[in-house]
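In the form predicted on its own, a lone chain appears below as structure tokens.
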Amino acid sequence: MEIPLSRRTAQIKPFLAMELMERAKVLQAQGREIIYLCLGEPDVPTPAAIVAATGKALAEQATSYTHSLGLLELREQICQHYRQTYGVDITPEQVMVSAGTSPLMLLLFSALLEEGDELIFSDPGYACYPSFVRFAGGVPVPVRTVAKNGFQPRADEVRALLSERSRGLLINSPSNPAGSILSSRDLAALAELPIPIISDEIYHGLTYSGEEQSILQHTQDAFVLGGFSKAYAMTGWRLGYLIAPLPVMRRLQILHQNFMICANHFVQRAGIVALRDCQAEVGGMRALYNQRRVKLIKELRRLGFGVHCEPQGAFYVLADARHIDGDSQRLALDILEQTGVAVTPGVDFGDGAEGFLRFSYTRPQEDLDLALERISLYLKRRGCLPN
């Protein structure tokens, strides 16, 4: 019997970073030695205080449902973090905690978008943004960005795309895949646009140069997505939050009650300790990633890759490989098969990154060095290694 599936599911494209990783796992199972530079997965362990807090919470039976917005103490800690870091005053009633930012994006876009409404986002940008928009019934509208602007949108570029169906602009700073940040001036200009700003701030805490700012420093009528996965090395813990204008939070809360109920109780307890006690560990991670960043940029350029936009945050380098092959998916697969190094094809992040490769530096330095050695030999075989 043929089982019909919804049109919504047919619109969702494969997540190529995961496709590469899954192919790499197959090769690894066959005995190949694989170096994974394709995912934004911190290689440093979760800080010990967070792990200990989880054990304590479980021992105290913190396994029940919580308030659908999240534990009040955690939401208060998030408010304090934004006050101390950015000088922004928000209330716990504006914060909703969930199992990562992905479900929050799905709920938020479902709340903002009617069928056919448009949401503007950067190209290149995080691969899954268009999928969330389409699944919510919306139309993703890419704004093509350029390297000289850090692959970040400018207000005049966004304004040119506005229509009567525009319902928001999605920004990401520090960004994936380029690692660039939006300046205070750029954020202020974007905040003047006549549509809501949705700011994905998941990489906050991992900025190496320039000033890290929240959109909330420029407007209170914005939505902020944040979480613990990247800066606190808690990817598998699945803990994120949404900050929203108070008048719309009740509608979002009802959606969360229905579809998510709440985040894990004991993981929320761990989040309190992360924000309160682990800033020194975040600083240590940041310093470690920065060392890798500097060396990786230098080595990629030595191998002939174009790094037109040096990352200022996150843990990725977006490298121009069009002189090797303009088809980034074909090139990434060939590099994986020939060298055992898994990198992400740029086309995963939009047409604006086709011909580029994204390198994640969330691996130990010895792994990065070995990966570059293998890629150097690969380029030499192809006759693409600079003299």
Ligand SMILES: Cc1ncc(COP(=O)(O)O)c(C=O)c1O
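The numbering used is simple: start at 1 and walk along the sequence shown. Bear in mind the structure is a predicted one, so any value in this text is a computation, not a measurement.
Same protein, other form: the form predicted together with this ligand, not shown, and the subject of what follows.
Residue contact with this ligand in the predicted complex: Arg293 places no heavy atom within 4.5 Å of it. This ligand in the predicted complex is approached by Lys230, whose closest heavy atom lies within 4.5 angstroms of it. Residue contact check for Leu107: none of its heavy atoms lie within 4.5 Å of this ligand in the predicted complex.
Proximity of Ser102 to this ligand in the predicted complex: non-hydrogen atoms within 4.5 Å are present. This chain is drawn without this ligand; in the predicted complex, the residue among Phe223, Phe151, Phe305, Tyr126 with a heavy atom within 4.5 Å of it is Tyr126. With the partner removed from view, the residue among Leu187, Ala263, Ile202, Leu216 that has a non-hydrogen atom within 4.5 Å of this ligand in the predicted complex turns out to be Ile202. Stretch-level contact check against this ligand in the predicted complex with heavy atoms at 4.5 Å: of 247 to 255, 135 to 143, 108 to 116, 230 to 238, the positive one is 230 to 238.
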